[in-house]
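Only one chain is shown below, in structure tokens, and it's the form predicted on its own.
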Amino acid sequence: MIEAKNITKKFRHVTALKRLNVSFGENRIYGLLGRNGAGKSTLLNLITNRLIPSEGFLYVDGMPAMENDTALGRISYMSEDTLYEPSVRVRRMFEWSKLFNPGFDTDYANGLAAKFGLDPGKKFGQLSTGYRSIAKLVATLASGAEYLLFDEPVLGLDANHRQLFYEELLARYAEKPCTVILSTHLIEEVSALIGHVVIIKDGTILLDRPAEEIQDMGFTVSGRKEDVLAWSSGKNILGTQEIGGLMLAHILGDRGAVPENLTVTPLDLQQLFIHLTNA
């Protein structure tokens, strides 16, 4: 597993992470969620040794991550930042990736590129924002690494390419199980993929639970507005949505007996996230 123990990271007068403790276990898909500036990217950059913690320790499979090629070689990280030279061609990117991840599958990468319509002969600087993301996605998926880290992986992608990425990620996970950490703001889109949720707020861990436990924290009821309002009165309502004369109410707590005129569905992860991370 990847373990962060008592991690603090300071940037001059800003403390991005505060004595943070979290672990990412074997062969699970994690959703790393948080508002802008919560510390998600800082944590991923610390795990991959792009930043050095001010305090605390990071381990990969029990090995210290700092300046450890063996530990870092087990990780492939798609950063939100663009770190490739504009003049580098995509196929050259794949060759470089193989230097850092010996298990990199070039045939698989070329096959993925074809599915996404990415031309490996193009220079990175010639690609649109979406296709730059795709090039980095392909390199990470094809890395063969035991830990795949994605920071805003679908930046600039249209709906078709986002769906293709989710499908290919699940196919890769099914064929070669690994640990996946998805840091994204598109919570609704990834909620069906996530097996474990980690929410960061103000540099600390706010929630760290399996997805199935989160569903047990509450529920959503829907029906005619007056029926929903009457039944949910006095309950801990996270939020509501109205469509015509219908209403959905997202509620924390035990379900209890629900009238037959209302429909019950699992708790909406995005609504829970909004509730927990508001001031």
Partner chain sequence: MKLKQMTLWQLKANSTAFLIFYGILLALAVTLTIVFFSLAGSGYTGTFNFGAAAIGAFFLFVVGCSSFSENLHIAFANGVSRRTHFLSFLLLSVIASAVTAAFGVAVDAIPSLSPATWQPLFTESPWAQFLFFLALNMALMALGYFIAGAYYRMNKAARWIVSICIPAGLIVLAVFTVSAAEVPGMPLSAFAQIFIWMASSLMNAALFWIVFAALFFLFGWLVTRRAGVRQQQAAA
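Positions refer to the first chain, counted from 1. Predicted model only: the values in this text are computed from it and were never measured.
There is another form of this protein, the form predicted together with the partner chain, and it is not shown here; the text below is about that form.
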The partner chain in the predicted complex: contacted by all of R162, T184 and R209, heavy atom 4.5 Å: no
Which of these residues, E85, E167, E188, D202, gets a heavy atom within 4.5 Å of the partner chain in the predicted complex? E85
Among G73, G103, G117, G156, just one has a heavy atom within 4.5 Å of the partner chain in the predicted complex, namely G73
Candidate stretches 223-231, 52-60, 22-30, 238-246 - the one whose heavy atoms come within 4.5 Å of the partner chain in the predicted complex: 52-60
Hey, in the predicted complex, is E67 touching the partner chain, heavy atoms inside 4.5 Å? yes
Can you tell me if N110 lies within 4.5 angstroms of the partner chain in the predicted complex, counting non-hydrogen atoms only? no
Taking the partner chain as it sits in the predicted complex, is A174 in contact with it (heavy atom to heavy atom, 4.5 Å or less)? no
Check whether S97 has any heavy atom within 4.5 Å of a heavy atom of the partner chain in the predicted complex, and answer yes or no. yes
